[in-house]
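Coming up is one lone chain in structure tokens, specifically the form predicted on its own.
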């Protein structure tokens, strides 16, 4: 039995992508450059700042380069981050260079999400992707692919595609279409973010500053902009979302850095707080359909892997589409994606209590972790996660115990990472390595 004959006002493509954000636009580009016919449907007429991830860890930078996308990031104003600088009591430590421990590292990247989205979407159009923007999509399953009715100001068009890709974010309609459901892991703490103008810190480094109940992160951007983040207990996040929240947010983040760094800082975008917990989909693929990025499952934003995960998804999907029968791609993609996403998800759960808790028990755990890193600075490879990514890592009880140092002689089993009562706490090292690679990547 064959599929119905496409109507006259139709277009046949290899891949139809729902969502023209960074994930969808990047995927459309790499597939088009590989010779495929691609359609891209984006709903929003105007892009606006929504406090999304704008930092790419070194393992994600490698993915960007492997797909030849770095020139487009540069066009969007990307800044290279070869260094990571930590602050305690508003005093900077010696900046850590990724190449000290990873000679081939390309370092991290800071890029404005909105500008990158605009550049990628325009490049997709210029390179021959069939871009429908703004437009709505109504996909319908047929035997060997999908028929999608695309509605825009220019009327309606029917798309016939062998593969449908949902790159439509955490509230993915494509996920619902293929029968997927989503749930959030238990919330442990929150992260706030805001675009700020006028921060005076070195642009070639990420800046992580610890406070008594979490930490702040600052990534400089072009045109005197910076993205500032603040990780804290949930009740503190609630306090910062009132009428004076933006001023209080800048004051609280600025207090973590040297005098003068935030003296001229002012809001350049909205303030938003988000739970740390992963948003997990029970389905990453269906028949002739796949989900990528946040539509597939979204990692704890406090860990900053969001864009790196997106670019890994894109490269994997591109390679599968070029290497396999397109009908086999969804299952193969879902299997591989599930494996590396599980590493990021579980590591985030292990790190959560170390971010914002305090008290005798957590201090004892930190001391135990410090001893464990003396024995194995790599923590079984998990201390290198931000540099090298999730490949080769496996999450099981043995890996968890090793991460916490529970396999040391005379060690204590503390019962983490079960969500604990929110308590004001002193954090240990944040989500990256120390200059000697002996910290816990917590």
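Just so it is clear, the model here is predicted, and its values are computed rather than measured. Residue numbers count along the first chain shown, from 1.
Only in words, not in the display: the form predicted in complex with a small molecule, which the text now covers.
>> Each of 20, 51 and 301 having a non-hydrogen atom within 4.5 Å of the small molecule in the predicted complex: is that the case here?
In response: Yes, all three are in contact.
> Tell me, which of 365, 120, 310, 161 has a heavy atom within 4.5 angstroms of the small molecule in the predicted complex?
Replying inline: It is 310 that has a heavy atom within 4.5 Å of the partner.
> Among 38, 41, 30, 64, which has any heavy atom within 4.5 Å of the small molecule in the predicted complex?
Replying inline: Exactly one residue meets the criterion: 41.
>> Within 4.5 Å, heavy atoms only: does residue 330 come near the small molecule in the predicted complex?
In response: So residue 330 does not count as contacting the small molecule.
>> Test of understanding: in the predicted complex, would residue 55 fall inside 4.5 Å of the small molecule by heavy atoms?
In response: Yes, residue 55 sits close enough to the small molecule in the predicted complex that at least one of its heavy atoms falls within 4.5 Å.
> Is there a heavy atom of residue 347 lying 4.5 Å or less from a heavy atom of the small molecule in the predicted complex?
Replying inline: Residue-level check for residue 347: no, no contact with the small molecule.
> Might residue 229 be said to contact the small molecule in the predicted complex, defining contact as any heavy atom within 4.5 Å?
Replying inline: Looking in the predicted complex, residue contacts with the small molecule include residue 229, since a heavy atom lies within 4.5 Å.
>> Can you tell me which of 201-209, 122-130, 338-346, 290-298 lies within 4.5 Å of the small molecule in the predicted complex, counting heavy atoms only?
In response: Looking at the partner contacts, the answer comes out as 290-298.
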